[in-house]
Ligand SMILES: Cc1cc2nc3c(=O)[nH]c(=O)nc-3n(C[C@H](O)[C@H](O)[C@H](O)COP(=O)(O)OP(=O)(O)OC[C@H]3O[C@@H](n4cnc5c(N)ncnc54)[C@H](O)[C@@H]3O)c2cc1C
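Take a look at this single chain, the form predicted alone, given in structure tokens.
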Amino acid sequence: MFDVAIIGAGPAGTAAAFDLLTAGASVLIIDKVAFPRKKACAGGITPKGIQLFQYDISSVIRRVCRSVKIRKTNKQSFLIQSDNILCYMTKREDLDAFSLNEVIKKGGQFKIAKKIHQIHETSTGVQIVTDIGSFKASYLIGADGANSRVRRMVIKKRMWQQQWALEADVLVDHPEQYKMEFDFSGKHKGYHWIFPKGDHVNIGIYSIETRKKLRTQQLFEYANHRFGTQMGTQSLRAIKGYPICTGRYSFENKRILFAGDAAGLAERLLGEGIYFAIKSGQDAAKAILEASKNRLESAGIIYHRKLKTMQRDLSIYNLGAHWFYRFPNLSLKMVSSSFFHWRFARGYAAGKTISRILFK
């Protein structure tokens, strides 16, 4: 029997596993595929996210960005700049494989199970029945992403939404000449992005319209528009569409916790999820460790309490998304002001959360 089983070996799962192993807990981490594996994600890590890693990930950073280009609805653009780093670029397949390897080196056990058949929570533990056997643990962390199988099996009512993103890698000459860019000039409620990553750029579309899935043709059209009409299907690689899960964590399980997108812990404004995945994974680990020492409160109750600060930040992002995409011209005009540049660039580069930037 393990102290903790974790389903999902992405940023949330490995963050939780690493902290639990550091504290001396026995950890089983399960995923449906071997690593490295292709993972749909733009791969931008904010300074506040990079600060959370308990190990050095510099070997999987493809580029650092000290400026961000913002293209407005009228096709004009402006730069947000800082002397310090505003974003770190990685490829998720590299980051996730590296992080899982750090967990295994710490003593975590990793198993590949393609199917989770049943999950049973009792007063003393959790049983996970899979296609490769049955496993028991005192606690379970569901960290298996926006389409979480664990969540669907355990939670009966829906308390989350899915926004959509579509991305591809683009082969271009001199990718080092491209800046990190958010392009709001499209007609949908969302944006296009261009993220430079060493030998290529990653492009994508993000939409907050939950009922409108994105089409691959939209990505080709954008690539042709931005990089030249001669671009063909061979110029776009690793095309993937994926949901980003947002919501409010209100699950009541005592021994089953959820982290990252499985818990709806991503923000709606830009769709950032890596920071919230790592932070929630670490908070879930802390809650389990505290509950194991102090049996007066369940891990679920402790975890709810730890998430309050993060949920306040997510509420600010959600409110910002509502007004930003409702009034994009006015919002972008405000964002382009020098006051915004100074306050937000400095705050993000320092690794501050949105509530600390706005209110402290």
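Just so we're clear, the structure is a prediction, and the values are computed from it rather than from any experiment. All residue numbers are counted from 1 along the displayed sequence.
Another form, the form predicted together with the ligand, is not on view; read the next lines as being about it.
Here the chain stands by itself, but in the predicted complex one stretch of 121-129, 252-260, 77-85, 284-292, 252-260, has heavy atoms within 4.5 Å of the ligand. Among heavy atoms of residue 40, some come within 4.5 Å of the ligand in the predicted complex. At the 4.5 Å threshold, heavy atoms of residue 304 stay clear of the ligand in the predicted complex, well away from it. Although the partner is absent here, residue 242 sits close enough that one of its heavy atoms falls within 4.5 Å of the ligand in the predicted complex. Under a 4.5 angstroms non-hydrogen atom cutoff, the ligand in the predicted complex has residue 193 among its neighbouring residues. For the options 92, 72, 106, 200, the one in contact with the ligand in the predicted complex, meaning a heavy atom within 4.5 Å, is 92. Taking a 4.5 Å heavy atom cutoff to the ligand in the predicted complex, the contact residue among 154, 137, 166, 97 is 166.
In the predicted complex, not one residue of 325-348 has a heavy atom within 4.5 Å of the ligand.
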